[in-house]
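Shown here is one chain on its own, the form predicted alone, set out as structure tokens.
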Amino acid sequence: MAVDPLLGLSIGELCVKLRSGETSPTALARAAIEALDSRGRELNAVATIMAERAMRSAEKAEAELASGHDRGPLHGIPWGAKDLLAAVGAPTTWGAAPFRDQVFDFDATVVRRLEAAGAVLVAKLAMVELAGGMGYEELDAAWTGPGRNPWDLDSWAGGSSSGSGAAVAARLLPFAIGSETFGSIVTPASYCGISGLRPTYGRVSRYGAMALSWTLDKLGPLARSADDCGLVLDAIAGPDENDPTSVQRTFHHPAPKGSGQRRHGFRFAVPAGWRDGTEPQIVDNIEESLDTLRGIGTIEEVALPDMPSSQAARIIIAAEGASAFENIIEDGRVLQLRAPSCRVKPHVYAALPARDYLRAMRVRRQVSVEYDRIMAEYDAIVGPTTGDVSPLLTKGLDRSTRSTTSAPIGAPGNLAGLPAIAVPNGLGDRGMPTSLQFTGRAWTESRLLAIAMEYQATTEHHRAVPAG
């Protein structure tokens, strides 16, 4: 079944068509439901289609718009939630067989805020089981099966927000919400050729989201463009009394005039040694992107601190994940997980000495201080989002050799809670997408979005569509 081309439009373009009467919220919702039920299932991108709730919300949005009640740019726009967000009307399975029947009677804060903005939730989207927190090595680590990439069904959509990335890339939905603890927004954005925004830790409430690593988990949008990511972040950002880690920080997109946001003359840093371990075609695409960026700013090479960021992050995730899922480790339900590696590693994680966790947290503090010092000098650190293109599903995930967690600043960026945006920047091996990442100082999402929007205004990579 052909996907309605309207679903391939940006949020801004859909806004115009909704308000001109060229389409309607109910028409878009029906189109998204049909697309997810056909192409979405082929991609293993769907956990649950929420047709009843979607049509009810779409009808409400349609009536409001007809009466002149306009909630803003997301009003009437269909979207999908990674299946770790609680939402009334569907199970919240966390991608894992032991939780296939888990139902919550409330909406996550992100879901509530998007509903308040008039967006129409149409589906829960597939994900790697338990957001990958049990250290999966298999690419089919989800009860829904392997996340297939719309650019090539024999390739991986990325983890752990696989369904969110695939659904947006395949033009089944204008945007989706994913989560990131250690690469789970930017990696599917990179592999699927879309834009993905990881907010600063604390920018978005996680109330109602599965907890994997309390001190690292973040929620953010995957969408067509940087501008679309900004529109979604504008709706979901802000403090929440139900999440004590959420922070009172103002965010508006686009940023208000006179806010001090720079539009030209950006100062970029590119890490020394970023080519190491990066596929040749990705190197070529990054070099071309750097040439483009020289048109809007300056680029300097910077030596990043030699610190054990990756090791510290993995220890923190392992220890906090073992605590979060202590019940299924102790009662044996962990053996119901699909990936064999996920049935074994949790027992190892549960035995981690407290001293190792405390050492990792001390390293984390040092990383945060050092990177804040560096980031104070630049508008963004620039580099490849991932060092490789999407791997074939016939291969495993060898974490010792593969660059699947946003090289070269993925680990320290997540450890320090820094914001980042990944945007497509061409095609690489096997004709698969490649990606450019901008990482900024904490709370500088507006500046990162301005940079990414400038880049996308002079390139066409974000408009590329998978042939399938």
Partner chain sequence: MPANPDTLGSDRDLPAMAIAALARFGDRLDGDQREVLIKTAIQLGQAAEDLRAWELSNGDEPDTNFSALTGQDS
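Owing to the predicted nature of the structure, the values given are computational and were not obtained by experimental measurement. Positions refer to the first chain, counted from 1.
Below, we turn to the form predicted together with the partner chain, even though it does not appear here.
A heavy atom within 4.5 Å of the partner chain in the predicted complex is found for exactly one of H252, R365, R267, R373: R365.
When the partner chain is considered in the predicted complex, only one residue from G273, G277, P280, P353 comes within 4.5 Å through any heavy atom, namely P353. Annotation: in the predicted complex, residues K60, A87 and K124 none come within 4.5 Å of the partner chain through any heavy atom. Among heavy atoms of Y378, none comes within 4.5 Å of the partner chain in the predicted complex.
In the predicted complex, no heavy atom of G72 sits within 4.5 Å of the partner chain. The closest non-hydrogen atom of K345 lies within 4.5 Å of the partner chain in the predicted complex. The partner chain is not shown here, but in the predicted complex it comes within 4.5 Å of a heavy atom of Q311. Looking at 190 to 198, 93 to 101, 303 to 311, 381 to 389, the stretch with residues near the partner chain in the predicted complex, meaning non-hydrogen atoms within 4.5 angstroms, turns out to be 303 to 311. In sequence order, A312, R314, I315, A318, I329, E330, D331, G332, V334, L335 are the residues of 312 to 340 having a heavy atom within 4.5 Å of the partner chain in the predicted complex; the partner itself is omitted from this view.
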